[in-house]
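One chain comes next, on its own, written out as C-alpha cells in the form predicted alone.
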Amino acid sequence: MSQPASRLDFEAVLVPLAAIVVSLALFGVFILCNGVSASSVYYEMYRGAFGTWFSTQNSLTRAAPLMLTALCTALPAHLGLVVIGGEGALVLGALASVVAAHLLASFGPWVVLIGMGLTGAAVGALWLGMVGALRTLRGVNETISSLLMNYIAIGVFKQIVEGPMRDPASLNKPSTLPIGDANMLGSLPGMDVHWGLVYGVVACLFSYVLMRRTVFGFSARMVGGNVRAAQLSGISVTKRVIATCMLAGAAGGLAGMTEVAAIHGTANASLICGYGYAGILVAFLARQNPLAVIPVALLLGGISASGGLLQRSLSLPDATVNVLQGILFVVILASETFYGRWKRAPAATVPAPAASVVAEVA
C-alpha cells in the first residue's frame, strides 16, 4: 500500500503553517484587547527574535535545550506514547551533572565535561525509563505518570539543592557549589552561542536516522502502529518501549547538563524555567519528526527570546509570549483533525509508514 508523496508533503507543510497563522491571528485579538497594536507587537517580536545578530544568537541559545527536550516527547510518540516528562529529566540531569563535576574535579576539564554529559544523560534515561516500565509492566498511563514524575523530580531537585548540596554562600537564591569556570562549556567559534546547540542538532539528526533508517526504528514504529501485530512478529514491546523512553530521557538529561555547563555554572531554581514543557509544543508542532524539531525549536526559541523586548518597548509583561505558546498548543491539537482530509491526486508514491503496513497485514 502506498500514499501520494504530494499529499504527504502538502499536509506536513500546510497544516502546521496554517496553525501558526491562526495562532498569530488569535494572539493579535488578545493583544488588541489589551489596547496595544498587534502589528507593533509582531514587529517587536521579530526584532527581539531575529532582527539583530545579538537577538539571533539569543534565540539560538534558547533553541538548544528545546531541541533536546522536544525529543523527550517526539521519540516515544513513534510507539504511540504521549510522554511529557522532559522537565523532570532536565532538572535531574542537571543536578546529576553537577554531582559528577564535583566528583571529577581533580581531573581535567575534558574529563569533567564528558562525565557530566554521560551522568546527566544516564539519570535522565533512568527517569523516563521508569515511565516506560510503568506503562508496559503495570499498565500505568504514560502521560499521567510522566506529568506526575515532573513534580517529583522538581521536589527532589529543590530538596537536595536547598539541603545537603547547598552552597553556604548562596543566601537569597539557594544553589550548589559552582562547577568552576574551567569546566564551563565554551561558545561556538565566532558566536556567542554555546556548544549545546550542536548537541541538540546532532541529537535530532541521530534520532531521525535511528527511527527512520534502522531496524530498531522500524520495529518501534511497528509497535506504534499495531501492538498485537508487533508481538506476533516476535518483537518485544516491553523492551522497545523502555529503550525508547530511555533514549528520550537521555536527551532531556543532556539538556540539563548543557544548561548547567553553559549558562548557570551551578544547579539552582533558574533551571526550572519550563524548557521541558515548551519542548512538548515543539514536538507537536514538528509532528514528532526529529528533523522538523530543529527549525521549530528555532522558532519557539525566538518567540521566547522576544519576551524581554516586548516588556521594555511596549510595557507588556514578558510572559505575554507564553500566551502565544499556549494558543499555539491548542491550535496545533485542533489541527490534527485536518490530516487525511485532502483528496488524493495522482502523483509519485512513497512507501507507506511501517504502522500502516503492519495494520494491513494484521
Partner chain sequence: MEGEALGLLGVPLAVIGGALRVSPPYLFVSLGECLTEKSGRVNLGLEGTLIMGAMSAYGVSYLSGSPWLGVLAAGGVGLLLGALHAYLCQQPRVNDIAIGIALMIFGVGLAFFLGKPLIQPTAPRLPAFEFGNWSSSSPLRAALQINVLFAIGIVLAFAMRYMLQRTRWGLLLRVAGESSDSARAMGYDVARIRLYATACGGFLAGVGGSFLSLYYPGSWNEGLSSGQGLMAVALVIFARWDPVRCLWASLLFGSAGALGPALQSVGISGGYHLLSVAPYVLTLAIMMMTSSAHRTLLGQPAELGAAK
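Take the two forms, superpose them, and find the largest set of C-alpha atoms that agree within 1.5 Å; that set is the rigid core. Predicted model only: the values in this text are computed from it and were never measured. Numbering follows the first chain given and starts at 1.
Form predicted in complex with its partner chain: not shown, discussed below.
Enquirer: Considering its partner chain in the predicted complex, which of I263, L104, V227, L281 comes within 4.5 Å of it through any heavy atom?
Expert: None of the other options qualify; the answer is L281.
Enquirer: Just one of N268, N289, T119, S145 has a heavy atom within 4.5 angstroms of its partner chain in the predicted complex, so which one?
Expert: Contact with its partner chain in the predicted complex is made by S145 alone.
Enquirer: Heavy atoms, 4.5 Å, its partner chain in the predicted complex: which of 182-190, 252-260, 146-154, 104-112 makes the cut? Say which one.
Expert: Single hit among the candidates: 146-154.
Enquirer: Heavy atom to heavy atom, is E162 within 4.5 Å of its partner chain in the predicted complex?
Expert: Looking in the predicted complex, residue contacts with its partner chain include E162, since a heavy atom lies within 4.5 Å.
Enquirer: Within 4.5 Å, heavy atoms only: does K239 come near its partner chain in the predicted complex?
Expert: Close contact is absent here: in the predicted complex, K239 is far from its partner chain, nothing within 4.5 Å, heavy atoms only.
Enquirer: Is there a heavy atom of S40 lying 4.5 Å or less from a heavy atom of its partner chain in the predicted complex?
Expert: Contact check for S40: no, nothing within 4.5 Å of its partner chain in the predicted complex.
Enquirer: Could you tell me if N322 has a non-hydrogen atom within 4.5 Å of its partner chain in the predicted complex?
Expert: Taking the distances in the predicted complex, the answer for N322 is yes, it comes within 4.5 Å of its partner chain.
Enquirer: Across 310-333, which residues bring a heavy atom to within 4.5 Å of its partner chain in the predicted complex?
Expert: The stretch 310-333, when checked against its partner chain in the predicted complex, contributes L316, P317, D318, A319, T320, N322, V323, Q325, G326, I327, F329, V330, L333 at the 4.5 Å heavy-atom cut-off.
Enquirer: When the rigid core is used for the superposition, does F54 move between the shown form and the other one (threshold: C-alpha shift of 2 Å or more)?
Expert: No, the C-alpha moves less than 2 Å.
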